[in-house]
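Given next, in structure tokens, is a single chain: the form predicted on its own.
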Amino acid sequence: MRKNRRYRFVTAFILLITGVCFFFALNIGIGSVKISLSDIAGAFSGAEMEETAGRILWDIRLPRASAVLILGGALALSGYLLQAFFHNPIAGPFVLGISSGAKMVVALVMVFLLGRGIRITSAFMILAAFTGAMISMGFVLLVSYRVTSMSMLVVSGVMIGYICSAVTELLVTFADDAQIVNLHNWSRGSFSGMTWENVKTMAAVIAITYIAAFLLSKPLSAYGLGEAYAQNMGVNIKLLRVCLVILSSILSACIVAFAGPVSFVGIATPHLMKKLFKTIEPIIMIPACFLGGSAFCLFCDLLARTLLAPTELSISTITAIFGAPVVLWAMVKHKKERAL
């Protein structure tokens, strides 16, 4: 039995890593200018490329694909941590309004600071998004202590999201025409315009957050079996909850700061990984969700860029098409399990 589980885990991880590598290669090779795999391999080995193709590869596609890989994994991990925190199968940064809160504060910064010619660093954008995420998370936590129904929690999160979106729309009235265009494109969700500076910043923040989340695997496993059991095992419940809130908010903030709100990845990916691995153990699910989110977002971003080329679709449009059915399936399954 143990050998079978180990074989399943190894096979599933190999499948995920292969999927990430495959879609990463497609993302940097396919576009208005096609770059062959031999040219890509040659570029990595130091061979000379045609100037235009080289600039497209190194300055546009590689930073973008790297950002999609990092942020997609972070988004799925954020969703998993929120689902573990609330014991709720459809909790996620988008559904609970956390992404909308981050979006609201980032929009505020973009309108009132960028409009005055003040240069903003990537770290400051993450801090602004984190502040907004924590504001929304605070309201969600207040609601969660007063309601026990999963549907009411989701409805409350949606309402918080609508309030934040309304405030964001109000902020747009103070923006000039150029800012309105930028805000509109960013608010729809997009991985375009990524730079190596952005990639370095997000990689550093998310790597630290991922390691911290992975170190919580053991207490999180006990927490998943119930608070009473976790306390008997010596887990500090309050500290664990604070850590989960902070880590999930940092991950959500990174995504919103760089790519805008991206829907359904954080909810759908953990369910797909649980189905693939047939386990809920955090020590397996944390890396699995990260890899799964990376592969899922790389696939969706490839479609967003190429499906109606040269027009680029919003990434949230594609993730919703593939993620929403998974969420519906999860809701139906959860209802059947409660009925049993």
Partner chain sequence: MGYGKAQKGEGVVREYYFKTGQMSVGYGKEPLIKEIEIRLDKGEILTLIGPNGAGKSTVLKSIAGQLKLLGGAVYLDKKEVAGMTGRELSKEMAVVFTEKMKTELMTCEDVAATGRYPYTGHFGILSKADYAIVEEAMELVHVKEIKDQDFTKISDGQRQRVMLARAICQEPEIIILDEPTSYLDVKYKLEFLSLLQKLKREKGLTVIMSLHELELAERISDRILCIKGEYVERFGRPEDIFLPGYIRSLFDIRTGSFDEMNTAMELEPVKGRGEVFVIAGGGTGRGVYRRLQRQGIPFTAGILFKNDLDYPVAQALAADMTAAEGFEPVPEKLLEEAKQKMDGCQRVICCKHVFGSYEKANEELLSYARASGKDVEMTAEAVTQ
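Predicted, not measured: the structure shown is a model, and the values here were computed from it. Numbering follows the first chain given and starts at 1.
Unshown form predicted in complex with its partner chain; subsequent notes refer to it.
Shown alone, this chain has one stretch from 307-315, 272-280, 290-298, 27-35 that lies within 4.5 Å of its partner chain in the model of the complex by heavy atoms: 272-280. Although the partner is absent here, residue 222 sits close enough that one of its heavy atoms falls within 4.5 Å of its partner chain in the model of the complex. By the criterion of a heavy atom within 4.5 Å, residue 5 is counted among the residues contacting its partner chain in the model of the complex.
Although the partner is absent here, residue 201 sits far enough away that none of its heavy atoms falls within 4.5 Å of its partner chain in the model of the complex. Although the partner is absent from this view, residue 231 contacts its partner chain in the model of the complex, with a non-hydrogen atom inside 4.5 angstroms. Proximity to its partner chain in the model of the complex, taken as a non-hydrogen atom within 4.5 angstroms, holds for one residue of 158, 143, 235, 113, which is 235.
Proximity to its partner chain in the model of the complex, defined as a heavy atom within 4.5 Å, singles out one entry of 217, 192, 195, 122, which is 217. Taking its partner chain as positioned in the model of the complex, none of the residues of 286-323 brings a heavy atom within 4.5 Å of it.
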